[in-house]
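Shown here is one chain on its own, the form predicted on its own, set out as structure tokens.
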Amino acid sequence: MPTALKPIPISRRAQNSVGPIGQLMSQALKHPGLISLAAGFVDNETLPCEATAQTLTRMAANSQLLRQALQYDTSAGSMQLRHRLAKWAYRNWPDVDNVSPDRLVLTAGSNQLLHLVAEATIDPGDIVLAASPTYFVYMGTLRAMEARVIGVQADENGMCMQALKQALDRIVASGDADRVRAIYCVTDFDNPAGSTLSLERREQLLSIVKQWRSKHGRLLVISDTAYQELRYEGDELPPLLAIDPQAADFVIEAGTFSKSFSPGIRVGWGVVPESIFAPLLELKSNIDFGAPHFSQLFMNEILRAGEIERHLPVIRQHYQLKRDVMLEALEAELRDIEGISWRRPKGGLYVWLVLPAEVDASEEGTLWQRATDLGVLYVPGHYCFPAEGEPVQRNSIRLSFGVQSPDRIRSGIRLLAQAIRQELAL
């Protein structure tokens, strides 16, 4: 009789990384006809195929550029693209003088930058404050690092600064001030709630952090700008580094081309304080010897040729239409049900839906199964709430209008409304 093999032990970090993605994917596979209002993907119809083909043809015809693209580069990434990005990412704020290519690192999407920052700055037991709700994938990264994530009250204007002050005061009172490491925020049209940190709150955030640093020492702001280019209405707001020259000492701004051009190219970036640039690169060197160089030089050519400026108006118009369709469908299907509300995002890919308090929208509640049986999939909002701080709202839902066509968005909202009415016995 053969001896049974012992299972391969799994690290604590891997165990802590378990999140909702697998559950959502398994539901989609079990129900292939589902209308997914869950996936935060971009629409295939918006992908820049023609610009990509033309750029690849130009690169292929330039043997010197092609050989360069096929070779390694530095861990920080192509200096050509870093110089160009330092200007392009802040092109609407020409007075910004604290964004240097020497503090800009290129990564395989902005998620890699966020992961590297966590690796470089956070130890087990350290504290990160975030809006409640917040981006659940980054919470998974922080959970794997065994960090404490504390949720701070937020509304359509982003994290509430009075609530942030109160949360910091409680941490001081508990004796844990020396464990506070970072404040994480998605400044524009955040994932999941579609909220945007107002200009007043951006200024207040920088002021609060400067005051904290003068009393308690180091504290970083991790500003995730993944959706910044997807604005459909209202005036553009300055990124944090464009507001205060001193912000360069403690603000990390993470950007990406995944939403504004193509997720498959996998080019993201981060502007980081000088004090953590070298340690972050040491970690990065152990991981990848530099993010894909071919993709970096490809994006440098895209920017040089002005392709992204031609592409952005197209996708903004495309997604604005789908946002409006989702909002109109919600109004038509759910406006008469007491206790239901949703936010009107000015950009991004998401609508945040809050149901009556008695409805459990999690996968443990009956609404989840009703919805999938009817043919629509959503992200349960409870995944987006940190374990500490603000109470978890199990009656919340994240809806994405990124992937589906207008007709399927209407159908998906109609099916979701049907499930909600069944749940409420209406």
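We number the residues from 1 along the sequence you see. Given the structure is predicted, the values throughout are model-derived calculations rather than measurements.
Unshown form predicted in complex with a small molecule; subsequent notes refer to it.
**Student:** Specify the contacting stretch among 155-163, 304-312, 280-288, 104-112, defined as having any heavy atom within 4.5 Å of the small molecule in the model of the complex.
**Tutor:** Flagged stretch: 104-112.
**Student:** Considering only heavy atoms, tell me if Ser132 and the small molecule come within 4.5 Å of each other in the model of the complex.
**Tutor:** Heavy-atom contact with the small molecule at 4.5 Å: absent for Ser132.
**Student:** Considering only heavy atoms, tell me if Lys259 and the small molecule come within 4.5 Å of each other in the model of the complex.
**Tutor:** Taking the distances in the model of the complex, the answer for Lys259 is yes, it comes within 4.5 Å of the small molecule.
**Student:** If you check in the model of the complex, is Gln296 within 4.5 Å of the small molecule, heavy atoms only?
**Tutor:** No.
**Student:** Contact with the small molecule in the model of the complex for Glu253, defined as at least one heavy atom pair within 4.5 Å: yes or no?
**Tutor:** No, Glu253 is distant from the partner.
**Student:** With the small molecule left out of view, choose which of Ala182, Leu241, Ala167, Val186 has a non-hydrogen atom within 4.5 angstroms of it in the model of the complex.
**Tutor:** Selected option: Val186.
**Student:** Scan Val209, Val128, Leu353, Ala226 and let me know which has any heavy atom within 4.5 Å of the small molecule in the model of the complex.
**Tutor:** Selected option: Ala226.
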